[in-house]
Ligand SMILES: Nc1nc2c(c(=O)[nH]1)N[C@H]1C(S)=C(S)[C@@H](COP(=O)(O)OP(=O)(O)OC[C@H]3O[C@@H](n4cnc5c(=O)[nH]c(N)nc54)[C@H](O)[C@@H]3O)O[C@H]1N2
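This document starts with one chain, in the form predicted alone, laid out as structure tokens.
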């Protein structure tokens, strides 16, 4: 049989897809330089022609009948239309909203890992388009590390959170003790927003396990670190990391083990923090006994760990998951503070790290001055924004005012939502409330390849291509590679590239030339590559011309074997290399934050009781703390219908892990269908008994496609296992307004006869 292999790439890896002479997909093989390909590499080749593909444009029946206005999105059938009709509806609605309400009535803050390519990234091409249309309301912050993104500019004068992780070579060569709050689960290293190329985390774990290196995993799950590291597990109540850190810090003060020379030379405001820590300002000493009552960790264990940390080179890492909680700014700030008290910031194998192992490549030494091909987004004339976690508030309460980022903003009244490349029903919390909000705008437009929750809750659905149906370039800061992503098959059905859809709309709206600049897909790739190549040549690299690169399929920049420790220049000479903070130093007390007067974000790291935790009154009614993590069998909600994800389900539903003691108390057995609920809503899941959890904690992966028992009805039970039916949708604080998805108490009970899962059924289509 005449077959060929064509290279493409995704967030979870680079691979060659095998096709026959008729374009049939036979399978995929991994990139030859990838030692440990992602377990679900075959997912996209499997799904690209699957039954959930959207074959042509569709319009919600009620919208087609009644026109723009609030509607029962998610609860109505769709009507197929041709491209001209669909694009006319979109263009007319964009004109109407701009003319009647202004561009501040258009929300274009698409959020999601749409593509690993540098050209066909849905949110980017949308923002370029809407900016030329006169502007749009954009999002601010992110769901991954929003609280850290909010606080670090005040502490370190920088917001490049993905550059604040230590590297494996540094840790192995120079470290002695690695204390990890929230761990670093290997499954997270399968993916990266800009595209994963080489999966080498298992090799680094093996080397670390062979080295004279000790790991301590502090958190609710023993499984947050791989067995190969032989880590000591200190079980911790969820959301109490700051109390644990304060207990450690107090022990350092008690023992006289603080590096006061470092604190005096490199830090600002330590005295004020120490007054809080020791109780000089309040009479409450945040010592090991105080911390034990909150965290559940014995005081003697807290003191012993603090003394171990002070006894040699120690790295403190806090995972991104820890800061996705109520007052999530505080554990990030306290991580830096605790490391400053040890005095090892800027030394190899010491100091602090954020998000070690959070995504693929983050722990590898980076190529300095490595350029990337880029598509210019242009300017956005509209300056109104919304914190990414406050979208429901914006839709439900236009005109209300909220604090964020040191400002007080007014939430706009949104009439039109344009969303590309994301699943709002995956990353937004409290989905019953969010569904009510999503039904309020006049029009919701999406581009989607599949009938997923985003497309099922839209008014106008435009079929988009996948990475296998277009050409692009992968080039990410966490990888030394530029990768050619070649088109494998022709577009399925009437699917079109997002860029081409928007180019057509731009032409109808009068700015087609400004949008395309006269370039088609390959024209843009050549242009972007040439500009990046010129910068690379100036920096001393030697990438080939575009045609040579495209034929070879890759260019590898020389990757350094080691990376300098974080803040090493600052440590060497803080006067010549000051931080971009008001003092030029690490701010352990922020006068700027103090001036904001936020009750929920004090001017120094503090323990603030979460809205829901196992020590609160709410735990009497809902005694289990729900944690939701990145799945091992897919990327967020992407590839949920693929075989690897489906194989992980229990009775067709997302598995939820319970400690055997909690399961026995509720009469739950392994494999039972259970209902997980609180006052915000409920979902069904499949029970898995797991002793790697602290009793009182349950855990479920995110990303199960939202599957309500009654489509379009807020309050309906989700049948499939989406944890965001029960999560809180308030912000971390008035500072960052980040997501607090990890702050949620629930109850779990056996469920009787369960309704069938319909998440992977296409919606009703009428003629």
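Numbering follows the first chain given and starts at 1. This structure is a prediction, so every number in the text was calculated from the model and none was measured.
The form predicted in complex with the named molecule is left out here; the points below concern that form.
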Self-check item: Any non-hydrogen atom of residue 438 within 4.5 angstroms of the named molecule in the predicted complex
Solution: no
Practice problem: Determine whether any heavy atom of residue 733 comes within 4.5 Å of a heavy atom of the named molecule in the predicted complex, and answer yes or no. | Solution: no
Quiz item: in the predicted complex, does residue 422 have a heavy atom within 4.5 Å of the named molecule?
Solution: yes
Quiz item: So, in the predicted complex, is residue 40 in contact with the named molecule at a 4.5 angstroms heavy atom limit?
Solution: yes
Quiz prompt | 198, 644 and 760 each touching the named molecule in the predicted complex (heavy atom, 4.5 Å) | solution = no
Quiz prompt | Among the candidates 73, 636, 272, 366, the residue which, in the predicted complex, approaches the named molecule to within 4.5 Å (heavy atoms) | solution = 636
Practice problem: Select from the listed residues 630, 516, 384, 648 the one whose heavy atoms reach within 4.5 Å of the named molecule in the predicted complex. | Solution: 630
Quiz prompt | Location of the named molecule contact in the predicted complex, chosen stretch of 150-158, 465-473, 281-289, 262-270 [non-hydrogen atom, 4.5 Å] | solution = 465-473
Quiz item: Going by heavy atoms, what in 233-266 lies within 4.5 angstroms of the named molecule in the predicted complex?
Solution: 236, 238, 239, 241
